[in-house]
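Coming up is one lone chain in structure tokens, specifically the form predicted alone.
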């Protein structure tokens, strides 16, 4: 981030807290969108606990810790979406502790079935865009937003191509490798990241790997706080092929391209209301997501589900109860693992997954 700011001293960098932020608006304003996923295991919490409770998710505490230590002073702004009460309150804590930084809380519609959902979303996007225009010192023209939408469409297309390839041939590309390539986009310009993803897909196709006797699974629950990379590797090394996951969900939120026609802002709002995927942080307008999970397992040929949820993440933990009931009714095995950013010892998790794999293979 600092290197990019040195190369572009006149431009701004704006952070986006997960799960979903319309980063097209940030790019259209001329700023670099930066996805923030906390401090991982690289930061000790020594300042944040004086501003926020110690019993909330790690990502909120470590992100605030990074800010209080000055590691995020390269950012000119930060946008918080409506994930949960913790994210909502963190935006206020952030604004109080960093009064010179541009801070916005984006109120996304929870009930997307409402006829007011699209007009409401447009109004929120316009409010955010007006703030970004003040921050960046220039108005955003429709062609700026169209160009940003086009760049994001290509980026999502490249991301889904890589994910689809892993879904079809999971032995060719490990889930942790795919994750690392997608995670790199958090700090890169969209065009640069798109090129990287395409190179990764081409390299994966040239591999000569052969299938192994592993259990194909779906991994769910890490849509906001991200598990340690070693934990993802441990799940795979214990005998699982991860066919699908919700890691880094916001960076690939839409499955299809967003039209960039006469009114790109409306197109962006309509895409969120009509085409958002099932998520633990908003009401889904289609079939209940707990009913969709058994269907998805059958579609993909997944033999089970691995729930990977962050400690103190209420949205994920609440949904896990609903998912559990449906999976048990459909006789689909599952295993539940809680994690936190500073989780270092994964041997226990590996043993737990190995036991789960054996139960699936030899039931």
Partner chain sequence: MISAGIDLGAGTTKVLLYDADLAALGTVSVRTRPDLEATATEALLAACDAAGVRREDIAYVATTGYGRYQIPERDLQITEVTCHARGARHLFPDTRCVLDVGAQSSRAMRVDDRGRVIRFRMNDRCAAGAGKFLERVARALEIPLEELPAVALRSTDPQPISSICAVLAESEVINHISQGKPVEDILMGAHLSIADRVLALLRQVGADGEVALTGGLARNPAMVKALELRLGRPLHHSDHSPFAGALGAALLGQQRLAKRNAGGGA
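Residue numbers count along the first chain shown, from 1. Not measured: the values here are computed from a predicted model.
Below: the form predicted in complex with the partner chain, not depicted.
Heavy atoms of residue 363 reach within 4.5 Å of the partner chain in the predicted complex, making it an interface residue. Using a 4.5 angstroms threshold between heavy atoms, residue 297 stays clear of the partner chain in the predicted complex. Remark: residue 355 counts among the residues lining the partner chain in the predicted complex, judged by a heavy atom distance of 4.5 Å or less. Although the partner is absent here, residue 334 is a contact residue: one of its heavy atoms lies within 4.5 angstroms of the partner chain in the predicted complex. Although the partner chain is omitted here, in the predicted complex none of 154, 169 and 177 has a heavy atom within 4.5 Å of it.
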